[in-house]
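Only one chain is included here, represented as structure tokens and corresponding to the form predicted on its own.
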């Protein structure tokens, strides 16, 4: 049961307990069941979900320190979470932090509500909306220790969507693959404009994932100007 995931996370220095393995198993079953009705993911093969969704999500643990995660005020927002990646796998691994799952599609958030209940995950809030709008709401703006975004978009776009959610002293982590040096260079203006500073680009070397994988880690060092993020769709069409 979940052999590929167990083997893969072992290489990251992570050991899953029996309850966590059962949660991942149930997550897989629910994902495949709901995917028959709604298009949640193109990946449904048992081993592929373990590696390309679950293991890939848990590589974020390499950029997090145990002591920061255990802080009582440490909270996470997963922007454009889709079927719950990477937020839900991280929540299974680290039960303590409050997690907000943000997605603009109602069918996906219906699945998320169901799966969070089935997995008995505490302290998870599901929000329906676009990042460009939700990031301007006082309850969410600059309120998070950690923002995550696994969406396929340029670093410059992701920075504009994510950094407004980060509190000063917090950070944003983007999961990227392939050759990204030019993309990161192109994002330098957006990072500075939004109040960030590039901390590091961490290479992930886990053969199960294949190809070059990176965690792009951006620290939030000062307040994001009020006008950002710009209105829906603009960050993607016209990156800073």
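Being a predicted model, the structure only gives us computed values, none of them experimental. Residue numbers count along the first chain shown, from 1.
As for the form predicted together with a small molecule, it is not shown, yet the points below apply to it.
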**Prompt:** Within a 4.5 Å heavy atom cut-off, is residue 104 in contact with the small molecule in the predicted complex?
**Reply:** yes
**Message:** Quick check on residue 82: any heavy atom within 4.5 Å of the small molecule in the predicted complex?
**Reply:** yes
**Message:** I'd like to check something about residue 168: if you look in the predicted complex, is any of its heavy atoms closer than or equal to 4.5 Å to a heavy atom of the small molecule?
**Reply:** no
**Prompt:** Can any non-hydrogen atom of residue 99 be found within 4.5 angstroms of the small molecule in the predicted complex?
**Reply:** no
**Prompt:** Which one of 155, 163, 77, 131 is close to the small molecule in the predicted complex, taking close to mean a heavy atom within 4.5 Å?
**Reply:** 131
**Message:** Looking at heavy atoms inside 4.5 Å, which stretch does the small molecule contact in the predicted complex, given the options 90-98, 68-76, 116-124, 145-153?
**Reply:** 145-153
